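Let's start with one chain on its own, the form predicted alone, as structure tokens.
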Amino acid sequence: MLDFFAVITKGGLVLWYFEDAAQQLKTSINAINALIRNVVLQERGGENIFSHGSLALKQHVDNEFDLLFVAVYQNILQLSYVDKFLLDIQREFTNCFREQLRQGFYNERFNFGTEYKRILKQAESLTKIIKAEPRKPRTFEESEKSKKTVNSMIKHRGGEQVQTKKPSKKKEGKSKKQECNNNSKGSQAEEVGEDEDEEEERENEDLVVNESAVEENKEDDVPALNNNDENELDEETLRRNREKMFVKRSTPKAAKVNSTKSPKPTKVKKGKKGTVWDLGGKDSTHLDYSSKAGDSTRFSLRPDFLPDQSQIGTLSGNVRDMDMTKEESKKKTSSGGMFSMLRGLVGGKTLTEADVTPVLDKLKDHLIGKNVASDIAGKLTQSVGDQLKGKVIGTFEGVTSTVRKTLTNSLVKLLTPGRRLDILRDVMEAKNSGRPYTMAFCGVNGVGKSTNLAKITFWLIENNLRVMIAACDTFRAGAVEQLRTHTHHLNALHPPEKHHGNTMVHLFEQGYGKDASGIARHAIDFARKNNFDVVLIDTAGRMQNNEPLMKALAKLIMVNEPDLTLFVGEALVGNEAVDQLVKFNRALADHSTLAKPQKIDGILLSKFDTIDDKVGAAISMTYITGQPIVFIGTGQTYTDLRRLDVEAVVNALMI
């Protein structure tokens, strides 16, 4: 039974609603607001059922009058008639109030209670009748087994039905040997032929068989081997076949006779060469990196970390946008792209499901080719299809512009952050409150967490913020040394002399094998006492199905409560991105003891410079979490950090 039903315009005006007496109105209104906020506004129309607490919500969109029909019922109920009920209500409501809706008279009263109860009663009674009917088993004629005949189970070769079976390779009894005594030589020849290589077997299969004799013997039910009158041709054929076979066996193959293997040249075994290191021949003092923190600014710079040092001091403010210009992507899009498939649609009519389905299938394949996860591509195309059904278009250009606009709006709403995202402002607010701003980085192995952490550190230093790096990757060998190398280079690029004697980057480390959550907590306390502005927590890479490491990550997030939890993912992945994000979020929720566990707050896409126009991973990750993409990594240097340009990504996706 439905608890609540409402007809709402896309502008948010409630035209008509029905409330069950046993259900609180406030609970249903909160559920519908959550549906509008998380599904309608973010273009997630592909979701079949939206759950909010103990309630389940289903929606249906009418594109002709921009109406939203919402049904609310208890999540524990399995109501199979809701989809058809929504369609019937939509059809009846638009037919009854077509003139009012067309003229926009939304302030008038919509008396729809009688029709609603009638349609609901019909739907519920039909469901009861269907459930009351006993389910009869299928008859044998309705099953697939009845369609299988003897002829369909016999294998065919060359389009003709095989009448005879191959002789068995197993030894037969004495009685069968006596019956086949006349042809013992032929059987021996066949056994010898089976020992030949594949080429000889293929040639032996081409031997002629007297099919007429076989058919006549089947009719008389007499073995063909005992009929001497009708078997003369068979004997002649067997004789010729045996002669061919003996000739082949008596003359060895030319390849085997003529080919003489040349002796292999003897290899002189060389001794093991010594390993040549990068600093081979130099004093061991060049390999000693155990100097104190005071000498870190005199560390020699590596040019590959920052090839152009003239960029120092130019990255203050917000992170720069992507390098891909909108003009280039628009030129590529205007040249054709996936919208060339729309020529199958005819303008001048209302789009129906039959018109839209072929286009949506091609659209789904196009999105999957752009590296969008298959499930996400299906939901996106379903959402676009729901918006296209019922649209009245005029010409072919109208079809193209309508579909392009619909898809563009859906993707832009999906990628646009639903909340304010200004890290520099959040850092200043935390600084004014007397605490450091904390960011935690998590993700699977090898996605570039430490490298992108160093890029973000360089950007924060450019904005005159002191950064504490917490080395909480106590699992991977060399993780602490990697962060120590980045700390040396960052302090060399921004020496204390340029910042009033303050060391801008400090590495907080406690070695390997320690508790990561404890190291992060001590690092935050140390940063608070020493006036550091930001704490960046580097964690170990872990696979999403590694339960012990996922528990350790959940403990670190729960104990330290970072202001921003970033998931670092590769832009190369497709379906794997969905699995990673779902299991990371699930682990953070399942292994937390808080009433509202903290989950992933943002996404950092690494290796974005390697994907060209296959930007589907950004769509998949944003769709599955509902969280924004905060940064994208476009290279290996400290300045290769960009902000996602939503319009450029959408244009690249539609090429």
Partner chain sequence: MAETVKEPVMREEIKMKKRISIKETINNMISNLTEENLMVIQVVVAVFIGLVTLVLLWRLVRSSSKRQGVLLLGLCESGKTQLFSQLCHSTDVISVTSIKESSAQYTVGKKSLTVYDIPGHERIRYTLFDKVKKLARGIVFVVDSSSIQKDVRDVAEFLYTALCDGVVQSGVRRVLVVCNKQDLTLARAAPLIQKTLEKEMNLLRETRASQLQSVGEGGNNNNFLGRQGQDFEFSHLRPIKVEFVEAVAKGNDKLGPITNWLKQLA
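Source: prediction; values computed, not measured. Numbering follows the first chain given and starts at 1. Under this definition, the rigid core comprises the largest set of C-alpha atoms superposing within 1.5 Å between the forms.
Missing here is the form predicted together with its partner chain; even so, the following discussion is about that form.
S.K.: When its partner chain is placed as it is in the model of the complex, are 13, 626 and 632 each within 4.5 Å of it, taking any non-hydrogen atom of the residue?
M.R.: Yes, all three are in contact.
S.K.: Pick from 549, 564, 245, 424: which has a non-hydrogen atom within 4.5 Å of its partner chain in the model of the complex?
M.R.: The residue from 549, 564, 245, 424 that makes the contact is 424.
S.K.: Of the residues 502, 531, 352, 416, which one places a heavy atom within 4.5 Å of its partner chain in the model of the complex?
M.R.: If I apply the 4.5 Å criterion carefully, the residue I get is 416.
S.K.: Give a yes/no on whether residue 90 approaches its partner chain to within 4.5 Å in the model of the complex, heavy atoms considered.
M.R.: Heavy-atom contact with its partner chain at 4.5 Å: absent for residue 90.
S.K.: In the model of the complex, does residue 586 have a heavy atom within 4.5 Å of its partner chain?
M.R.: Heavy-atom contact with its partner chain at 4.5 Å: absent for residue 586.
S.K.: In the model of the complex, is there a heavy atom of its partner chain that lies within 4.5 Å of any heavy atom of residue 590, even though the partner is absent here?
M.R.: Residue 590: no, not in contact with its partner chain in the model of the complex.
S.K.: Though only this chain appears here, would residue 36 touch its partner chain in the model of the complex if you measure heavy atom gaps against 4.5 Å?
M.R.: It does: once its partner chain is placed as it appears in the model of the complex, residue 36 has a heavy atom within 4.5 Å of it.
S.K.: Just one of 405 to 413, 72 to 80, 512 to 520, 136 to 144 has heavy atoms within 4.5 Å of its partner chain in the model of the complex; which?
M.R.: Every other range fails; the passing one is 405 to 413.
S.K.: Would you give me the residues of 455 to 493 that have any heavy atom within 4.5 Å of its partner chain in the model of the complex, in order from first to last?
M.R.: The stretch touches the partner through 459, 463.
S.K.: Is it true that residue 30 shifts between this form and the one not shown by 2 Å or more at the Cα, once the core is aligned?
M.R.: After core superposition, the displacement of the residue 30 C-alpha between this form and the one not shown reaches the 2 Å mark, so yes.
S.K.: Core-aligned, does residue 15 move its Cα 2 Å or more between this form and the one not shown?
M.R.: Yes, the C-alpha moves 2 Å or more.
S.K.: Examine residue 622 after superposing the rigid core and state whether its CA is displaced by 2 Å or more between this form and the one not shown.
M.R.: Shift at residue 622: below 2 Å after core fit.
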